[in-house]
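Just one chain follows, in the form predicted alone, and it is written as structure tokens.
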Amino acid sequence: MVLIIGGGIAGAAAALALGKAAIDATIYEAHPLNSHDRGAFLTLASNGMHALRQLDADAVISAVSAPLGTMRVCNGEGHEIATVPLGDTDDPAIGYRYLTRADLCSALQREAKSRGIRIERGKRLIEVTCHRGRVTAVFSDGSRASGDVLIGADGLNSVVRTIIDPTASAPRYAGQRIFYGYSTDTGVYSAPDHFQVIRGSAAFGYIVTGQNDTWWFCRVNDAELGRDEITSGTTARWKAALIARLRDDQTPAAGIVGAAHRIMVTNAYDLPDVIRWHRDHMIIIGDAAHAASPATGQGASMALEDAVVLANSLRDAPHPASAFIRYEQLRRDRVQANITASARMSSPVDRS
């Protein structure tokens, strides 16, 4: 039995991957209810869709997402720099797609439940003990659960990471505020499978959906926002700030922001120096182990890859320790390259 701490992208995908490997798993999620918040959106790259195919979940995610086939890049004067294809053009089924984070998580969780995988909600981890080849998770409600392996898929501020290594580095501010918005009636046309990227006064990207809504993000080099600033911020406030920054560009960006009915903001963080991913019968995956800033758009896809590789390692190795070593050998260099690339793209000297 495997205990999975966290029911987000990495945790739900890990449960599906373990099921494919004939390994029983239960997900323990801290939040008591499913979130119905539309939240931020993300892209799944071809490697992420390929991982979903290995989980027999690519069709499930395709049903709640839309394809992206082309990326067009222009500068702040509105001049085209490049137009490039996205994804594996020889196999559209594993091409790029976009959807909200909430929809991705919900779809993965529904698929897990349909395969008989238990999801226990309201289970906030506070302690882990290991004894005689077993691992026991202790939750804030007083309950416990025991198994052979514990997977920490509990995100950027992972509790499991600090249990594995109390000296583990904390998340690092990557130098950018990330705004996500949804706009209607922008008057901007783009084919719904085109991802439009603007390298101007800020890094701006948008997609005009098949319903003629515009989903967009804006990465702004600036000081880290405090928690109170984020929670007290309003769409009107962020709209005014972004329009002031973007209005001198000869692009649709300022107009798209002006038509927004919802804007969210978060700080970009990464984890470049997590030395220990595993100890005893515990291991961390996804953002808990190797969070990158969102610049490369690979966070979800990397988490999906993690799930497949770890499940296969646990299936094929004689015991967890050797499985963990094999997993790290296969994943460490790849995810570190993504962290480095994202950090470079988030640097104040790079507006890509």
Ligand SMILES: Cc1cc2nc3c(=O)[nH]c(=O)nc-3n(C[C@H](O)[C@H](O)[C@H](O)COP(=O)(O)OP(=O)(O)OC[C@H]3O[C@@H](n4cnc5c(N)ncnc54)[C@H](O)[C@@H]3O)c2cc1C
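It should be emphasised that the depicted structure is a prediction, and the values quoted were computed from it without experimental measurement. All residue numbers are counted from 1 along the displayed sequence.
Here the subject shifts to the form predicted together with the named molecule, a form of this protein not shown in this document.
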Check your understanding: Does the named molecule come within 4.5 Å of a heavy atom in each of G155, A300 and A303 in the model of the complex?
Key -> yes
Practice item. Name the stretch, out of 273 to 281, 196 to 204, 116 to 124, 254 to 262, where some heavy atom lies within 4.5 Å of the named molecule in the model of the complex. Key: 116 to 124
Review point. Does the named molecule come within 4.5 Å of any heavy atom of R315 in the model of the complex?
Key: no
Review point. Wondering, does H319 line up within 4.5 Å of the named molecule in the model of the complex on heavy atoms?
Key: no
Check your understanding: Can you check whether S146 is within 4.5 Å of the named molecule in the model of the complex, heavy atom basis?
Key -> no
Exercise for review: Tell me, yes or no, whether Y327 is in contact with the named molecule in the model of the complex, where a contact means a heavy atom of each within 4.5 Å.
Suggested key: no
Study note, to complete from the structure: None of I243, I94, V128, V159 but one has a heavy atom within 4.5 Å of the named molecule in the model of the complex; the exception is V159
Exercise for review: Sequence order please: the residues of 9 to 28 with a heavy atom within 4.5 Å of the named molecule in the model of the complex.
Suggested key: I9, A10, G11, Y28
